[in-house]
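The chain below stands alone, shown as structure tokens; this is the form predicted on its own.
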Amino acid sequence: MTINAVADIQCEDQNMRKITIIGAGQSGLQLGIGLLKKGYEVTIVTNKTAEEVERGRITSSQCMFDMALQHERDLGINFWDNDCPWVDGIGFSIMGTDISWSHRLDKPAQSVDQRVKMPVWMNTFEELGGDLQIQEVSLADLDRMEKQCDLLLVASGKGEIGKMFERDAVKSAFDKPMRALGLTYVKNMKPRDEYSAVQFNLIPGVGEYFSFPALTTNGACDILVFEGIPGGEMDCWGGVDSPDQHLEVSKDIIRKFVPEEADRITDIELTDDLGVLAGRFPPTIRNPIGRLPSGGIAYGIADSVCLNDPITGQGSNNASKCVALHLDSIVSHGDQPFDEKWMNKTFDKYWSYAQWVVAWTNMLLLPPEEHTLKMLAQCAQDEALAQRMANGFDDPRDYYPWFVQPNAVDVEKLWQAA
């Protein structure tokens, strides 16, 4: 890939302020590239090379909606628009009921396997002049790095580094995993009859299953996402120890709990042996300021401090939006120190958006309330309401208060304003 770095970099007079980012995922690389284009000196530290990422295991499902994708377009790093299948709508069904509807998104969504995206972005980062360092990072390493830069950002929440950011008990609604998660990348899945969509299926008392088209290392595919209530019938990944077995369990779940989708999976195969993933984690909000052993501070962004369950598909969307806000905040701060005051103020700006995503996601992890079911049923009858519901995945703030609060508005008036 050829990049005219001279034309792309909009060098601002920042005296080459030095920014170090730990983590080379959606947030770390997007922010690193954005800062390079603003004239900053940027180092990204990660524990895998681009080749290791490309040849490794899947890490997420990453369906990204238009607002998040626009931030990539603004940086000129939307390299897959001609190759990645578009996700044109949202479909929703509750098993065991007659609640079922679908609607097109105003603007399509897209899912690019991070094994495809991140290696290209890593190369782009280096071509723009960024310093990409491959190493495992300890707290002692962070101490050293913090002294050598103007701002140390952590975009990875794993290991001892993640523990540096304390859990916020007020903002964190749960202290344990709320779903047993399964992820399966497949090919040869039969398309939906109408248009491509995130097809979301709620199975009362069991969990959720949804699927959507995507792009992976060997071409177009579909991603199957399973969200099982812990201890329930879909919490069934514990004894799965091979890719083929993972695929068979995926098929069994669909046949048993979502028979309406069974004809779509007749011919599916795994995209590759590393196209499977299972696990669980507690949704957690953390204090964004991490304190280092020597007294220095690091600032956490995206999933490192705001980790949602994937039930609403907001992880990569949150990361992209988080980066856009932080890029603006860093640049507008000029040559002033990135102290705790700046960190708290910047996180508060991000939380003013993210809190609505977190609340919506947490709500869907609990049994649906009566007003929620009524609203979803109404979507099957009112096209304008269904349109608004579908597009809320792009900007979940629009769900408030009408979707989440009983009697917040008159439903019959709501669709007229949608």
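Quick note: we count residues from 1 along the sequence shown, nothing fancier. Since we're looking at a predicted model, the values are computed, not measured.
Form predicted in complex with a small molecule: not shown, discussed below.
Student: In the predicted bound form, does each residue in the set T59, E136 and F212 place a non-hydrogen atom within 4.5 angstroms of the small molecule?
Tutor: Yes: each residue has a heavy atom within 4.5 Å of the partner.
Student: Consider the chain as shown here, without its partner, and state which of I161, V249, I265, L202 has a heavy atom within 4.5 Å of the small molecule in the predicted bound form.
Tutor: The option sitting close enough to the partner is I161.
Student: Only one of A155, I90, L152, V112 has a non-hydrogen atom within 4.5 angstroms of the small molecule in the predicted bound form; which is it?
Tutor: Among A155, I90, L152, V112, a heavy atom within 4.5 Å of the small molecule in the predicted bound form occurs only for A155.
Student: Is there a heavy atom of D222 lying 4.5 Å or less from a heavy atom of the small molecule in the predicted bound form?
Tutor: Output for D222 is no: heavy atoms all beyond 4.5 Å of the small molecule.
Student: Is A386 a contact residue for the small molecule in the predicted bound form, using a 4.5 Å heavy atom cut-off?
Tutor: Answer no; every heavy atom of A386 is more than 4.5 Å from the small molecule in the predicted bound form.
Student: Please determine whether D303 contacts the small molecule in the predicted bound form, using a 4.5 Å cut-off between heavy atoms.
Tutor: Residue-level check for D303: yes, a contact with the small molecule.
Student: Would I229 count as touching the small molecule in the predicted bound form under a 4.5 Å heavy atom rule?
Tutor: I229 lies outside the contact set for the small molecule.
Student: Okay, which stretch from 73 to 81, 249 to 257, 313 to 321, 167 to 175 lines the small molecule in the predicted bound form, with non-hydrogen atoms inside 4.5 Å?
Tutor: Among the candidates, contact is made by 313 to 321.
Student: Report the direction of the Cα distance change between P283 and K158 in the predicted bound form, compared with the displayed form, as closer or farther; the change is 3 Å or more.
Tutor: Closer: P283 and K158 approach by 3 Å or more in the predicted bound form.
Student: Check G157 against W121 at the C-alpha atoms and report closer or farther in the predicted bound form, compared with the shown form; the change is 3 Å or more.
Tutor: Closer together, by at least 3 Å.
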